[in-house]
Structures are given as C-alpha cells and as structure tokens.
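In structure tokens, one chain follows: the form predicted on its own.
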Amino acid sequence: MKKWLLKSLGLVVCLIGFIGFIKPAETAQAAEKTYTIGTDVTFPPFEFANDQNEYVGIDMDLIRAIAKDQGFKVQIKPLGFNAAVQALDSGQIDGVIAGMSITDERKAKFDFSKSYFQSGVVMAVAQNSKITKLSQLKGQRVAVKTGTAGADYANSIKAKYGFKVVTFDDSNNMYQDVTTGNSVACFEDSPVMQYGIKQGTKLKIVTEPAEKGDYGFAVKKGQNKELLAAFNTGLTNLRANGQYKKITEKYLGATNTKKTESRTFIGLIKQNGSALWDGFKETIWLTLVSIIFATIFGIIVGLLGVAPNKFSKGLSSTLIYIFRGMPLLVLALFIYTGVPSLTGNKIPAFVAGIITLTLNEGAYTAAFVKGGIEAVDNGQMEAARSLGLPYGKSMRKVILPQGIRIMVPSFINQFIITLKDTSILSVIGLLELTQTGKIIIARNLEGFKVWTIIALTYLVLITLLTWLSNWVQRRMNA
C-alpha cells in the first residue's frame, strides 16, 4: 500500500513538473536584448489588430520604431490593460505601452518614460441622447473601462453628480452598454473616442476634454532602466526626424476614416478567417493538452481518495476542495501573476493556462473518479482481497473496470467543460477564440456579429462532443 501511495504521489509531482516544459520557446525570448512588452487589445487608435491580425496603432508603431532606432527587439503581448499592468508588476513582462496615463499612484510601482502623447477624458452618449452635460447624469448609470483615466475621472465625480459607475474590461462592451441604453454615457480618452466614432460607433461626444494627462511607457520600478533610457532616447530621435508626427497622423488624420472591411457575416469571416483559425487551433490545443493532464491528475487524486489510508484520503479531499472551490479566473491570475510575484520566476502564459485547467478540471475529474469507484459495491473489493489479491491488483483488475463504465460519460462531459473554460484564459493573454474575438472587435467594433461567429463555433464543437458522448454511452450499454 505504501509503495502504491508513493508511486501515485510521485506521478503527481512529475506531472506538474512536466507541464513546465510545454512550449519552452516562450521562455527563450529574453536573450539578446529582446524585451517582452505588454499592451491592451481594445484601445484603437493606440493598439489594435488589423485585418492581417498584426498589432498596429500609435503605440505599436512607436515602440517598434524606437526599438529599431535603438537596436533592440520587442515581443508584443496583447494581454488587455488590466492584465498587462498586473503582469508588469509581477515581473512577467518587461514593459507596458497601452495608452497608460502617468499618475502619482502608478509612479509608486512603475517608472515612466517621458510623455509620448497628451490626452483628456470626454463623455460620450448615444446619438439620440438629450444628455449634454454632467449635471444630467444624476441617478443614471455610466459605463467606464477598467484601469483607465476615464474610469478614474468618473469615480472622482460620481458623488458630486450622483451617478452610478459600471465597469467593463474592453472598450467595445462599454460602447455597447451605452448604445443599447443600459448606460446613458461613458467616459473615454478623447482620441480613442474620436477614432471609435469615425469607425461607426453610434455615439457622440458632448463634453470638452477634462483631466488632461500624459501617456507614458512603463517599466517595473527600479528595473529595466536601460530599456527606459532607450525608449526616451528613441522618442527624442523620432520627434526630431519627423517620424513621430507621421505615426500619429497615420491614425488620427482625416485619411483614416475610410472603411474598407465588409461588415456582413460572410465578409467578416473571410477577412478574419486566418485569425479565427489560429484562435480555434489554440483553443483545441489548450483543451487537448489540459484534458490529458487533468485526467491523469484527477485519476491519481481520485484513487488517493478511496485508498485505505487517512493521509491519502485527507490529501485527496483537500486538493478537490481547494481547486474545485476556487474560481477559474482567480486561479488563472494567481498562477500567472501571483506566483511570479512571490517566486520571481516567470511563467509563460500557455504553461499558466495548462496548469490552471489541469488543477481546476482535474479536481472535478477526481471527484467523479472517486464517486465512480465508491459506486462499485464494497463486496467486490472484499471478494478480491479474500482471494488473496493485493489492494493495488484488486483495484486494477476488479474495481476500476466496473468504475470506468460509470465514469466515461462524466469524462466526456468534463472534456466539453474544459473546452468552454479555455475562454476564461483570455484574461492572461492567450490568443484562443475569445481573445481573438476581442481583438477583431477592437478594429471593426462589430461586437454582435463577431460574438455570434465565436458563439456558433463553440456551439458546433460542443454539439459534436455531445454526439460523441451519447455514442460512447450507447456502445458501453450495448
């Protein structure tokens, strides 16, 4: 029994250790002056993906031009603003350029470059709205985006003007909340709002820019001083040679108003087919790898839960309780940003995603493995032991073959759940289907149509897996 228990625990340790070697290429980027730069995914005209799924915008062109001028390379990580800031704080990335306002509060944790852009916060309302000033917001609901200057400004005046603030993670959902009438207004940086309106967002700006502030490139306080110095030098050079002006006019000039994308469902699929396919492959890859490790982890933990040993049962119950009870979003952020903050070691996003799904889905798998084994009549084990079979052999030859018949439908259902749960990993910047959808919407602001395409893709996959589940159950009951 002790030998079997030690083998099981050894497999758990090996499993978790092996995950760290998946996709090692992501950790090799730090050599030879290559810096990992975090950014937002829905903040045009500063950062967004074009129809070739390339990250462009004022910030993207600027950091690449500075890198070329100063002789270093950059790897862009589209994490979303909030996740990017957390990743920088935990040391997962080297810098952030995401239309980040320079504030005293942020200076406490980050070192900023010289200002590379000045902006102000404006209020926008639906095109048919009669609201024209802040005093009309009393008792109303106002939308803001997490971590932005617009959110800070709205929260600073909400008591004075008597409105309620609701927060979103991306600009498109914030705009949609206003256009659908759920909120009466939103607060956004002036150039971002102007760009959105030019691209077809059905809003209008009704106030002058307030709380004017500077955008800066950020690094973690006390670190990457050479990168910060290179950014400042490169920025000075770009301003002097006219390249800075060309970059800003490219996205803010009048010539940027032409819309070339088809806005039909077929047109959106054709134009974004490559990006959607890449997101689909990442989703399937995440699901397959996670379900393999989650199944191994779950079987081991489930078997520990039925072993005739108090320690193993306690360990199994504890693992199931912790990882099944913790929200997947919290677990993902804890592994990707919390653990590196504690240990000082970076964890690639893909590896963090696999570990997250392995622990969470594995806990659920362990619960039904444990339940499936316990559903087998106790007399089966007693009969096997009475014939002189050791515990391990009794489990393998007698109990598990009967328990597996009970467990198989649950295994396939868990595969479906894992597939759906991959969407939550967009919060740590993995380019699966959900994150891909956010990136496409940031460019064309066709939220309803793009999310319909993403939803139908998931629905087809889940329908196929459901048919598979039903087929397996029929075969086993035949």
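In case it trips you up, residue 1 is the first one in the sequence shown, and so on. Not measured: the values here are computed from a predicted model.
The same protein has a further form, the form predicted together with glutamine, not shown here; the description that follows concerns it.
- Taking the partner from the other structure, glutamine in the predicted complex has no heavy atom within 4.5 Å of any heavy atom of Q176.
- Put simply, S290 is far from glutamine in the predicted complex: not one heavy atom of it is within 4.5 Å.
- Glutamine in the predicted complex is approached by G99, whose closest heavy atom lies within 4.5 angstroms of it.
- Remark: F43 counts among the residues lining glutamine in the predicted complex, judged by a heavy atom distance of 4.5 Å or less.
- Stretch 143-151 is the answer when you ask which of 290-298, 143-151, 128-136, 360-368 has residues with heavy atoms within 4.5 Å of glutamine in the predicted complex.
- Contact annotation for the candidate site: F81, D189 and Y215 all lie close to glutamine in the predicted complex (heavy atom within 4.5 Å).
- Taking R106, K313, K114, K221 one by one, only a single residue has any non-hydrogen atom within 4.5 Å of glutamine in the predicted complex, and it is R106.
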